[in-house]
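Shown here is one chain on its own, the form predicted alone, set out as C-alpha cells.
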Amino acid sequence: MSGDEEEEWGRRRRRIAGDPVTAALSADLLALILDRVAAARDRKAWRLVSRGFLRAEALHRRALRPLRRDALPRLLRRFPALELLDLSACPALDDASLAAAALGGAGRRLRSVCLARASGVGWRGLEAAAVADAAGLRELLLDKCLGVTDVGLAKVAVGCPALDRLSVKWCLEISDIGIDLLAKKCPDLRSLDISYIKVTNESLRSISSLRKLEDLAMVGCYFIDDDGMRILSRGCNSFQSIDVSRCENVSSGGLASLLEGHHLLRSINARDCVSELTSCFLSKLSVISNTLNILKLDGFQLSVSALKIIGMSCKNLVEIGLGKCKGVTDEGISELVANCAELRTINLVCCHLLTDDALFSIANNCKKVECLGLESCSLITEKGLDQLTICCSSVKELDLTDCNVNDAGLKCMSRCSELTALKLGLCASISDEGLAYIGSNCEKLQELDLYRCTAVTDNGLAAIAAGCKSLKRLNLCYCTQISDTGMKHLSCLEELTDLELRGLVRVTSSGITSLAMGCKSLVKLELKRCYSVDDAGLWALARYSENLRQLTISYCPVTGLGLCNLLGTLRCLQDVKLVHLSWVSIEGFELALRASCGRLKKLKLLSGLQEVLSPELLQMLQSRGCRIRWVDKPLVFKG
C-alpha cells in the first residue's frame, strides 16, 4: 500500500469511527454484519475500522488457531465465546502451557480442541484441560501426541464424558487398557480414530459396547485380525463408516463377517488391506446394498466378474476407489458403471490397462461424476476426454498426471466450467495453447498442477492468471521456460496460497518481488534450485509475505544477512528448508536461527552443520518445539 493509500485509509477509518450511526450500532448488530463478511482478508479489515468493531469481533469469534503458545492465555481471555480451539500450529506446546490456558477459564464453552502433533503434552496437561475447564468438550483431536499414554487418555475419559468424537491416531503409548477405560467412561462416542496404535482385538471388544459409535478408523493396526472383525460383527455399535486400510491381518473373510453384523454401513475403506476379494465378501455386499455409498478397494486384485458383482450389489455408490488395483480393464469398468449411475467420485489411479473405452463407459453411465482420478493411465487420449466432457460437464476435479494429454485434450476439458482442480504433471505435450483454453472457461479453478510441463511459457501463465482469479494452489516445478514475466502475471492472483517454483532457473529476485507484492495470501512457497533468487528476493518476502508459513530456499544463492532478516521478520513462518545454502556462513546460520525466536516447528539442514552449530542453539530450538531434519545430500546443480 502506498503512502497516499495509507493516508486515505486512515481518513476513512477516522470518518467511520466518528460516524454517530456507526457508533450507535450495538455489539449484536455488528455481529450480524460480521456474519456476512466471508473472506478472511475482509474480516481483518473490518475489525480495524474502530474499537467498537474490534470488540464486537472479539465477542463474536467462535474459532481460533494461534501460532504461539505464550500468547494463548491472553487470546483466550480476549475471545470468551470460543467454541473451536486449534493448537496444532503452536510449537513446543506442553503440559504447562496447556494448563495455563485451561486455568484461564475460557475452556468452559469449548466444544472442539485440536492438539495434533503436540508431542510435549502428557497426562498433566490433559488433566488440566479436561477436568478444570473443558467438561463440555465434544471433539478432541490428539493425532501424533506422542507423550499421551493410557493415563492421559484416562484423564480425558473421566473429565470429558460428553465426548462424541476422539482421535488418538499415532499416539503410540496408548494400549488396550486406555481404550477399555475410554469405552466405559464415554458411552456417547460417535466417532473414534485409533489408527497406527498398538492395540489388539481386546480393544475392539471394548469398542463393540459403544452403542452410538458410527465411525471407526483403525488404519495400520497390525495386531488386529479377522477375530477382531468377528467381535465387532457381534457388537451393538451403530456403524456407518469403517476404515481398516493397511490392516495387514484382516482378510476378505473378516470383512465379510463385519458386513453380517452391520447392515447400515455407508462407507467401507479397505485400501491396501488384502490382495484379493473372495466370493464370500462379494456375496455379503447385497446385505448393505441399500445403504453403501463409499467403497475403497485400492490395491486389490479385481477381476471383471468381481467388478460386475460390485456394480450389481452396490447401485447406490457415490464413490469407488480402485487405485493401483491389478486386473482392472475396460470391460471391468463397463460392468461396474452399468448399474452405478449415482457415482460422483471414481479413483482409477495407476490402472494401466485402461483406455478410452473406459472413459466412454463412464461418460455414458455416470452423468453426475465430479471427481475422476486417472494418474498414469497412459493409454487415455483426447478422444476419451472429449466424450467424458460432453456427457459429464459437471466434473470438478480431474487428475491426469503422467497421461498422454495434449492441447486438444485441454480444449475438451475447458467445457467443464465447474472445474476446481486439474492435475497435469508430467504431461509434456501441453503448451500455452492448451492453457489458454482452460483460462478462457474455467474461472472457478482453484488448483492447477503443471509439474514438469516443460513446453509451458509465460504466455500460458498469462492466460491462467487472466481467467482463473480464484486460483489457490499452483505447481510450476521444473517448467523451465518460465521467467520473471510469468511471475508478474501471477502477481494478480490475490487468493494464491501455495506456489511451487522448484527449478525455475530463469526466475530472479525481481520476479519474486512482483509475486510477493501482489500475492499477499501466500502461505507456502517452494524456491528450491531457483539459482537466480538471492537476498533481494528474501527481503521482498520479508516485507510483503507476512502470512508465509512454509518456505523452501535450498540451493539458492542467499547470504546470512538476507536469511537473518527473513527469519527475524516473518512472524508466521514455521517450516523452512535450508539445504546447501553455500553463501551462508556458520555465523550466518547461528544469527538467522536465533532470530526466529522459537517460532519454527520444522527445520531442514545439511547434516554437516550438526557438528559446527552451537549445541546451545540446537538445544534451544528443540526445547521450543522445532524438529530438525538432518540430510546428507551431495551438491549437484540441475539446470
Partner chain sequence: MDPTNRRPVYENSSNMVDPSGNFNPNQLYSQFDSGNLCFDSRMKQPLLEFPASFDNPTIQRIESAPFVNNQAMNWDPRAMLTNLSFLEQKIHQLQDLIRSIITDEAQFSVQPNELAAQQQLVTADLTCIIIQLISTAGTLLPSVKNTIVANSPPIQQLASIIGSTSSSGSNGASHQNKDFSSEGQTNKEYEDMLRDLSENGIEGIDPIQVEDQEVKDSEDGGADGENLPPGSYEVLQLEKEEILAPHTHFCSICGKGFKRDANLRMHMRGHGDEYKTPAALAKPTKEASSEPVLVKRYSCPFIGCKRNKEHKKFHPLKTILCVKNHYKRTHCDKRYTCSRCNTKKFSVIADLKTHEKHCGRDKWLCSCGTTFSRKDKLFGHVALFQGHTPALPSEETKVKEINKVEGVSTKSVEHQDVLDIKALDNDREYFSPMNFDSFNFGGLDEFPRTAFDPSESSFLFLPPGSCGFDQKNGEN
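Positions refer to the first chain, counted from 1. In this text, all values refer to a predicted model and were calculated from it rather than measured experimentally.
Keep in mind that the form predicted in complex with its partner chain is not shown, yet the notes after this line are about it.
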Kindly indicate whether 525, 534 and 591 are, all three, within 4.5 angstroms of its partner chain in the predicted complex, using heavy atoms.
no
Within 4.5 Å of its partner chain in the predicted complex, heavy atoms considered, which of 123, 544, 170, 437?
123
Answer key: of 95, 375, 458, 214, within 4.5 Å of its partner chain in the predicted complex (heavy atoms) is 95
Answer among 344 to 352, 182 to 190, 486 to 494, 377 to 385 for heavy atoms within 4.5 Å of its partner chain in the predicted complex: the stretch 182 to 190
Would you please decide whether residue 321 lies within 4.5 angstroms of its partner chain in the predicted complex, comparing each non-hydrogen atom pair?
no
Are any of the heavy atoms in residue 365 no more than 4.5 Å from a heavy atom of its partner chain in the predicted complex?
no
Are any of the heavy atoms in residue 150 no more than 4.5 Å from a heavy atom of its partner chain in the predicted complex?
yes
Distance check, residue 562 to its partner chain in the predicted complex, heavy atom within 4.5 Å
no
Residues within 4.5 Å of its partner chain in the predicted complex, restricted to 140 to 179 and counted by heavy atom:
149, 150, 151, 154, 155, 158, 173, 175, 177, 178
